[in-house]
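In structure tokens, the next block holds one chain alone, the form predicted alone.
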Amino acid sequence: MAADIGQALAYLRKCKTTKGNSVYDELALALAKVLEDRPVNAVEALETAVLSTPPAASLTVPLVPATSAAAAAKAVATAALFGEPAEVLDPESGEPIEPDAPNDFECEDVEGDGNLFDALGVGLGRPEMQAAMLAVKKLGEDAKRGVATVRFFGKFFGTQADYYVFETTLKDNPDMPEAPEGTVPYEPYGEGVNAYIYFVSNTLGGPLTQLPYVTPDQLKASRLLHRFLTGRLDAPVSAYPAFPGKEAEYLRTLIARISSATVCCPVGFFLADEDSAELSPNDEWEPLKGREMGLPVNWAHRYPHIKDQGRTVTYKRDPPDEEEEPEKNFWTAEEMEEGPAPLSPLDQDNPLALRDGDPVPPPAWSPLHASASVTTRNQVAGVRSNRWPGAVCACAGRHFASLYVGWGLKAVNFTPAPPPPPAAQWAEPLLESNELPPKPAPPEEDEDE
């Protein structure tokens, strides 16, 4: 009996009225008014207090009605992001449950990054970056996620919805299955293309979805496609050649390719280990002044290069006999590829393809400055990627950041892959057969007839 009463109280606390209060609170106020006034006819007074229509001023009506379900979901997510956290009630007792202690994590200065990009006239703008900062805080403090570090990666536009992407490392990495036998092995969590785990949401403050790991086959297939995102992770990737996965996997390949090519740091800020290529801060680094950070030569790639094999570290098959030298051309061109060294400067990137009317090929990066004046002190400077439109890097003193806001389309002269060749004709001569098809069996007669 006590459990039934507790569940009933929890239900009354959960249900909301048009005033925005719970049914439990409204009934408590009505009973308190009856007990305070003590009218002659208490039943009628209680009915009047409960059933009376609230004044129009107290009704919770949005000033601007939502134009769609997506707009309404965004409004709810934004209100939850900037407002007080919702109370979680115990279904048995109806009492509020104490929330878990916030998770300890590290993150970059998202609001400060927004100021850098705003000074250069790029990015999302300060209001949206403020919301991104709160979304990073919400994700990092979630004890169930177990996040160790968080970075706001950026935003992908879609035809039906957008994606906000958060780059994280977890305190405990999930298990990853092994690659099928005879294929290129996957890079494990914490290494290479799977060094980070990404979460996405369609609205800042909305529900987050963890993207899957990325495989070499998916990266190789992604390089052959040039298509818009829909904004639905479960949408099929309708393209040729066929992509091994849905839009969640395709989005993950785009994040891997863009982060490898456009996440940068000032030259000399990190030092790379000769054996493991791990990065460590350089204590002797001194920031450049003025507009010098607008030159690509002063920026370096922070993440390793993804090779044609779909990995950052080339995988080579073992020779059949380890004691003998492998035959000539035993390893493929992908297995013999040697990528650029860690922390390679941006000025070493290949220029874009020559376009009609251009005397020289466009450079891979263009400078960005907060002021056209050369004499302005302490101004923000950075670079913009021409190969991945929407990718920018900004720096002021020791504070630097990278951000991507775009459609996930590479600026290349894209040529769709040709369809496969038609099937060959039957090699043997076609002869007419004199054999008749088998005679069908007669239908069985019913015993009743």
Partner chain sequence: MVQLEPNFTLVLKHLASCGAVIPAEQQAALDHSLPIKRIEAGLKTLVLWGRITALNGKDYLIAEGFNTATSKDGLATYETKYFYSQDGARWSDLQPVDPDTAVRCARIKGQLSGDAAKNYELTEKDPNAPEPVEGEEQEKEPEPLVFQISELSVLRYRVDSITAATSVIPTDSTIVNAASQVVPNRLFAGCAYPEKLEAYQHRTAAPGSGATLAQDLRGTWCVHYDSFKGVAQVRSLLWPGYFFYYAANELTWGALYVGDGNRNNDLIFML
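If you're wondering where the values come from, they're calculated on a predicted model, not measured in any experiment. Residue numbers count along the first chain shown, from 1.
Here the subject shifts to the form predicted together with the partner chain, a form of this protein not shown in this document.
Okay, which stretch from 341 to 349, 84 to 92, 123 to 131, 264 to 272 lines the partner chain in the predicted bound form, with non-hydrogen atoms inside 4.5 Å?
-> Correct option: 123 to 131.
Is there a heavy atom of Arg227 lying 4.5 Å or less from a heavy atom of the partner chain in the predicted bound form?
-> Residue-level check for Arg227: yes, a contact with the partner chain.
Within a 4.5 Å heavy atom cut-off, is Lys155 in contact with the partner chain in the predicted bound form?
-> Flag for Lys155 set to yes.
For Thr48, is any heavy atom within 4.5 Å of the partner chain in the predicted bound form, or not?
-> Contact with the partner chain, no.
Hey, in the predicted bound form, does Asp358 get a heavy atom within 4.5 angstroms of the partner chain?
-> Within the cut-off, so yes.
Using heavy atoms only and a 4.5 Å cut-off, determine which of Ala277, Val313, Ala242, Ala372 is in contact with the partner chain in the predicted bound form.
-> Spelling it out, the residue with a heavy atom inside the cut-off is Ala372.
Heavy atom within 4.5 Å of the partner chain in the predicted bound form: which of Glu108, Glu334, Asp118, Asp217?
-> When the partner chain is considered in the predicted bound form, the option within 4.5 Å is Asp118.
Any residue of 153 to 172 that, in the predicted bound form, places a heavy atom within 4.5 Å of the partner chain = The stretch 153 to 172, when checked against the partner chain in the predicted bound form, contributes Lys155, Phe157, Gly158, Thr159, Gln160, Ala161, Asp162 at the 4.5 Å heavy-atom cut-off.
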